[in-house]
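The chain below stands alone and is given as structure tokens, in the form predicted on its own.
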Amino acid sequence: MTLFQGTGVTVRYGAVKALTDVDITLEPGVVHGVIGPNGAGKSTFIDALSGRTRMTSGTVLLEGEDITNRPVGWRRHHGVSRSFQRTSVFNSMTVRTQLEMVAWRNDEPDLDGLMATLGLEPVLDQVCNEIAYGTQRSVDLAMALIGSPRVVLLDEPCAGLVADESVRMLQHVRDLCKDRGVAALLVEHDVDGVFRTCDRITVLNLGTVLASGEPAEIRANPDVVRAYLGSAA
């Protein structure tokens, strides 16, 4: 079942084409990865889908409703959430205070369960500038998932994490999206992690779709290997 769909997503800045006719379909409980070399248009794509960047052309649908011109706040209120490359925690607040604040605004039914799954219980009463960076990233993920969003757009949730932290983070992403039936788009530079975590993968190159399919298809695609994966395949 299609929950969220971007069709013909195109973003131009003057004569510069950041994205051209990019399509994506997200389904409940499915983690869809987006990878590609630097400058491929990944962050622009997630900004366009979340409403932070105005599209030159294209359509965004949520359960068949055209939300192309809906603002960011409306999308979050109606179940489209996102995270950012940089942590968006409030450094002077305790973990508990900011999660409860977000939960109050977004009507989260199981905040305790979410915090337990992400291993945040030991740090709930610490202010965020006193906890480890990897834990701050978990707080970020918690805030994106609060309110039971139907769609979550994750922009490099593993940015700045060491290898074992990245493995744990992506496992949390997969488990929580499966358990909660969330349709997830995951933009991430950890290629091995993407292949481990995602059910489907879209590869962008120079603002266009190079390939899209299941991980095994993408890993075996000669165009993807030449343009991006190289010896990593």
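No experiment lies behind these values; they were computed from the predicted model shown. Start at 1 with the first residue shown and count on from there. The term rigid core refers to the most C-alpha atoms you can superpose between the two forms while keeping them within 1.5 Å.
Although it is not shown, the form predicted together with a small molecule is what the next lines describe.
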Proximity to the small molecule in the model of the complex, single hit among Q126, N91, T97, Q85 (heavy atom within 4.5 Å): Q85
Contacting member of S166, S50, S43, T68, with respect to the small molecule in the model of the complex [4.5 Å, heavy atom]: S43
Within 4.5 Å of the small molecule in the model of the complex, all of Y13, V16 and H189 (non-hydrogen atom): yes
Segment that reaches the small molecule in the model of the complex - one of 33-41, 172-180, 54-62, 191-199, heavy atoms within 4.5 Å: 33-41
Distance check, E108 to the small molecule in the model of the complex, heavy atom within 4.5 Å: no
is_contact(D140, the small molecule) in the model of the complex, heavy atom dist at most 4.5 Å: no
Residue shift check between the shown form and the other one, rigid core fit, A216 Cα at least 2 Å: no
